[in-house]
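Same chain, two versions here, written out as structure tokens and called structure 1 and structure 2.
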Structure 1
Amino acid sequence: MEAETAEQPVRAEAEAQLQEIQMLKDKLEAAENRYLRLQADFDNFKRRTRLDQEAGEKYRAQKLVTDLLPVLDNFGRALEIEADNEQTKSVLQGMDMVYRSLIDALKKEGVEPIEAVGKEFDPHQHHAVMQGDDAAYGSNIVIEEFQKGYLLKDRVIRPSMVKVNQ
């Protein structure tokens, strides 16, 4: 009996130590989980920041392009004027040169006009303002373009305003 009573404090101490070891393992596991979550959050933050920077660089010209689109529209309307004398023809020729230079500069930045007439209506690229009934075109095909639309790289800056066949 004395051996059993002597073993009890040792057994109790061993149990206490085992409980302390388990508690420390649980704390360590919780700390490791927190560390892994923080690491994953940080990796996600770095990825989002990099993607935001890449998008900012890719579309850095968007505001400038958006501001220049009315200028392009006005140039297009001005170039449609019929010249009735040499002086007007000369002015229109100069305007055409400036217009082409502006178009070329925008193309270098990744600006492309959206093709509309004869294409199937795409609500992401076209803004339908009218419907028509033209037997020469199939159903849901753009038959007329009222305002040119533009893409900057792969993003629609301004959709084309179009008339769509029923």
Structure 2
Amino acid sequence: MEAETAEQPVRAEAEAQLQEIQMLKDKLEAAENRYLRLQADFDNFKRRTRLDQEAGEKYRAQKLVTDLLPVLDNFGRALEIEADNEQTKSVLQGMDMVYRSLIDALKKEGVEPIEAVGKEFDPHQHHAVMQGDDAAYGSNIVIEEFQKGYLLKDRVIRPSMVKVNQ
């Protein structure tokens, strides 16, 4: 018992050390878990950022393209006039070249007209404003287009306004 009494403070110290070791191990584990969670957050953020950037890049011109569609519509209509003299004919030819260069510039950015007449009606691309009954076409086929629709890459910027066969 003599020796045991002498060991008493040593044992108490050892006990306290064991507790500190456990506390440090817990803290270390917590710190490592916190690091792993932050690493996972960071990876997620990078991935989302990359996807956002890709989408932003892909559709970057959407606002300008949307604003240009009425210009295209009016330009197309202005070209439909029937020339009754040589000068008007020549002006219209020149303007038609400008019109086509405008369409080409938009095409380079990924803008394409939506195919409509003769195609099966697609509610994602076509907006049906009338129903028709034309024996020459099958059921649910677009038979007339009132306003051209446009895609920017795979995104519908404006649906076509169409007449669909019953």
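Heads up, when I say rigid core I mean the largest set of C-alphas that superpose within 1.5 Å between the two forms. Each residue is numbered by where it sits in the sequence of structure 1, with counting from 1. Keep in mind that what you see is a predicted model, and the values were worked out from it rather than measured.
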query	finding
Pair member which, unlike the other, is the form predicted together with a further copy of the same chain	2
After fitting the core, E20 CA displacement of 2 Å or more between structure 1 and structure 2	yes
Rigid core fit then K107 CA moved by 2 Å or more between structure 1 and structure 2	no
Rigid-body rotation of the smaller part between structure 1 and structure 2, in degrees	13
